[in-house]
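Only one chain comes next, encoded as structure tokens, the form predicted on its own.
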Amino acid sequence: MRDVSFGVTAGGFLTLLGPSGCGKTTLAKLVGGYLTPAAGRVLILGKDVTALPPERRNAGMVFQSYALFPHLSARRNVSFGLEVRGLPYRTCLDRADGMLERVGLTPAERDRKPAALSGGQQQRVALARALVIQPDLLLLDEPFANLDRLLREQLRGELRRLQRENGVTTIMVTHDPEEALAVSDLVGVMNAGRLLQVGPPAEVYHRPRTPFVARALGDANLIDGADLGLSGTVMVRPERVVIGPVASGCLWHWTARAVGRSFLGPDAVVELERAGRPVLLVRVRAADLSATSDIEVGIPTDAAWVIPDTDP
């Protein structure tokens, strides 16, 4: 892990995005107290907690494996953190029931042990357990990685709702750019132990500081600026490329040929081959382009972003 510095406004939602092994989970564990930094400090609500163990940081963490107690019911899994804090047993169970209701677990499901719950239900229990202690900080390590796509999309919406309702500062780790863009106030892109850029989702998506950041957030056309009369590397997102007669109105326009396409339901990503230039990706609403027809393609001036930095 290299020197990393970042902050999250109280009540904000930061997602750390990057490939496996880039250091994002390590960073989350350093913040939560599950690992000790060799140097530097961790502050929560302005208090230096670097030397404190996890249980004294008032931070809730949801692990990728959920880490539920297999011998306890869902209700007791959630009440456990309150019990060890010395609250009356009845109060612990009542608060656990209240939180489990908020995450959508029925009374019958609350009596089941983890093995009798689905993956989505286990994820809800893990989230309820983290939130019931009213943490100052919520840490989420790939919380939806083990779920199918439809359930993942449903639960991330519910997570965002709960996070806003509770007003809890949240740091989530993921390798899924769609997930990062959908739920976050801030996105931090990591690679090889470095935090390359942190900013609002739209800013990091449309104005990446390095080519790696550009690719990390989704499909990106990285063009040699010399092709456009510019210097450096120029990024154009596929959905900003225009095709058809309107392309001739762009400062940069060519005739290209479709050489491949990926059907994405309402959209398609089409690969366009330009003479003597790399393939250009275009995202279009209709998937009816001929694989052999010549196509007018253009790049609007405001769609071209000159990437300011090279990859470290």
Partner chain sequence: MSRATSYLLASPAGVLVAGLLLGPVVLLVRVSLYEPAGGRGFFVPGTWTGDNFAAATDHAGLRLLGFTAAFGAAVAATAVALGYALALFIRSLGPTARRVAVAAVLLPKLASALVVMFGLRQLLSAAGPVSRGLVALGVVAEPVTLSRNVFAALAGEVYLVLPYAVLVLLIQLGRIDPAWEAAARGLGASRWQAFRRVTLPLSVPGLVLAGQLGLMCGVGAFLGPMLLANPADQTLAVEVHRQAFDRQNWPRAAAGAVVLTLTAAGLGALFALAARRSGGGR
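Predicted model only: the values in this text are computed from it and were never measured. Numbering follows the first chain given and starts at 1.
Missing here is the form predicted in complex with its partner chain; even so, the following discussion is about that form.
Each of 55, 80 and 113 places at least one heavy atom within 4.5 Å of its partner chain in the predicted bound form.
Looking at 261-269, 56-64, 245-253, 36-44, the stretch with residues near its partner chain in the predicted bound form, meaning non-hydrogen atoms within 4.5 angstroms, turns out to be 56-64. For residue 124, no non-hydrogen atom is located within 4.5 Å of its partner chain in the predicted bound form, even though that partner is not displayed.
Contact between residue 84 and its partner chain in the predicted bound form is found at the 4.5 Å heavy atom cutoff. Taking the partner from the other structure, its partner chain in the predicted bound form has no heavy atom within 4.5 Å of any heavy atom of residue 215. Using a 4.5 angstroms limit between non-hydrogen atoms, residue 133 touches its partner chain in the predicted bound form.
Among 207, 240, 164, 76, the residue placing a heavy atom within 4.5 Å of its partner chain in the predicted bound form is 76. In summary, among the residues 280, 27, 49, 68, the only one with a non-hydrogen atom within 4.5 Å of its partner chain in the predicted bound form is 68.
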